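In the form predicted on its own, a lone chain appears below as structure tokens.
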Amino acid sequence: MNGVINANRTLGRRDPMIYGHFIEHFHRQIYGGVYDPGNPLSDAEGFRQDVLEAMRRIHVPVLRWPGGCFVSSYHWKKAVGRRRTPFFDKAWRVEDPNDFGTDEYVALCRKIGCEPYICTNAGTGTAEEMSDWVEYCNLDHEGEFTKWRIANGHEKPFGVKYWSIGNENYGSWEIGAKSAQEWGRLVLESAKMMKHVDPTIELTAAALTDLDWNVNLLKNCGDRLDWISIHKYWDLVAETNDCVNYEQSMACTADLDGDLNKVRGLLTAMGLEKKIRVAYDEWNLRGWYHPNVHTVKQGVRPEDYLTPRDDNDINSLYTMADAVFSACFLNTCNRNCDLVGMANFAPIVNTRGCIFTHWDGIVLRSTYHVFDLYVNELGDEILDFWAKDPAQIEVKDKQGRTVSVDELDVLATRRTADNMLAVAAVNKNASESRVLGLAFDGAAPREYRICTVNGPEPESYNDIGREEIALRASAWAPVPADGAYALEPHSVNVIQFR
């Protein structure tokens, strides 16, 4: 591929929150994940210091919690203060000790330096319960629940800015699922009460690309919402854990902006395109494995529904397929920076997360290195890029159908902090290197280097005692006279120019 970067034409500026993350009370994400009292690697408050350091390295900007499906039967008041009441989590069918609640979550966010983003219970919860939560977190001294917080040792407000009303309440699998009409009414009353407590908060509500659902939601609440929430997992393997291979995952990149285009059109038609942004607040290539739970016939024995969840943490599943797909998704968010203001990789720790924990340490999976690369090396201004001769490759999807996808995914950016140009260049080809030719309109860089995430094979992975995938950077070198840059097969790259 050959392309031209117009350094004089800025298309927009991405919000750093598109590199956000998500954590839920599912399997080992919280307990035994980020929160592990008694482990020698944990600090005095029970947080895994190695996990915190890894999260700081990728500058997690925002962390969504506590769910996820978990939140739709979660009552936050039982998980604050000295006396915690364990409860049976009906979403995931386990007992949660409630040791990790709002106070611990805010402490986690402060330790890693990110914005908290609380998702509220719109399943079995009420508008009043949601607004009480805002009171607990954000008011200075007024009200019963503010006084709870102060009595619990937190005199100053937490200042939680971002709040979501519900999680996937459109889905039959969700506890407290709602019709479109019920949803519009509940969100309206919840938003009203929550903003009566703190008018400065920003609100989102569960949405999807279904026209009836979104029209009803936005007609009722468009003037009270700042965001709408979209979720997407491309490989839905809840019952089988039969994950897509490298080629099949490339087929998933064929229409990454399809849902965004639908939402963009709807917001524009309703005159809300300048007011409401999209929070892609759960996304991952691979859905979570949890058989016999979100089904009519439930598993009875632990080996039918509980212990299989351990298979989410088979590290060999997370290969360069995950890295390449994730980079393409993040490129899509960057290109749509006028619409997408937040995205939350689901989850950050364990399950399908980019960080895997074990008793003695952590494993950084392939996706972690993509976040490291994009957060620390890519730019924040999106520049105009024109591809002269984009090539496509044909791949087979999971159903055996032939799908044509762009072979390279290229995004041009500028880092405003130092005026450096940085080009994300993803080579999806599993076996062949490709050359990217770049010309510049309005810039004349002298040197370049390539920062690359890759492993020896498309199916390479990291595990305990095994590090096949890493981020590496070349030395700075003169810009080649022919403007040609070699991209390794199945690689994620950022080419920097100065």
Ligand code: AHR
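Numbering starts at 1 and follows the sequence shown. Bear in mind the structure is a predicted one, so any value in this text is a computation, not a measurement.
Another form, the form predicted in complex with ligand AHR, is not on view; read the next lines as being about it.
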{"query": "Location of ligand AHR contact in the model of the complex, chosen stretch of 124-132, 162-170, 242-250, 325-333 [non-hydrogen atom, 4.5 Å]", "finding": "162-170"}
{"query": "All of Gly68, Glu282 and His294 within 4.5 Å of ligand AHR in the model of the complex, heavy atom check", "finding": "yes"}
{"query": "Contact test in the model of the complex: Arg414 vs ligand AHR, heavy atoms, 4.5 Å", "finding": "no"}
{"query": "Ligand AHR contact at Trp234 in the model of the complex, heavy atom, 4.5 Å", "finding": "no"}
{"query": "In the model of the complex, Phe385 touching ligand AHR (heavy atom, 4.5 Å)", "finding": "no"}
{"query": "Interface membership of Trp288, ligand AHR in the model of the complex, 4.5 Å heavy atom rule", "finding": "yes"}
{"query": "The unique member of Trp76, Tyr305, Phe158, Trp92 whose heavy atoms fall within 4.5 Å of ligand AHR in the model of the complex", "finding": "Trp92"}
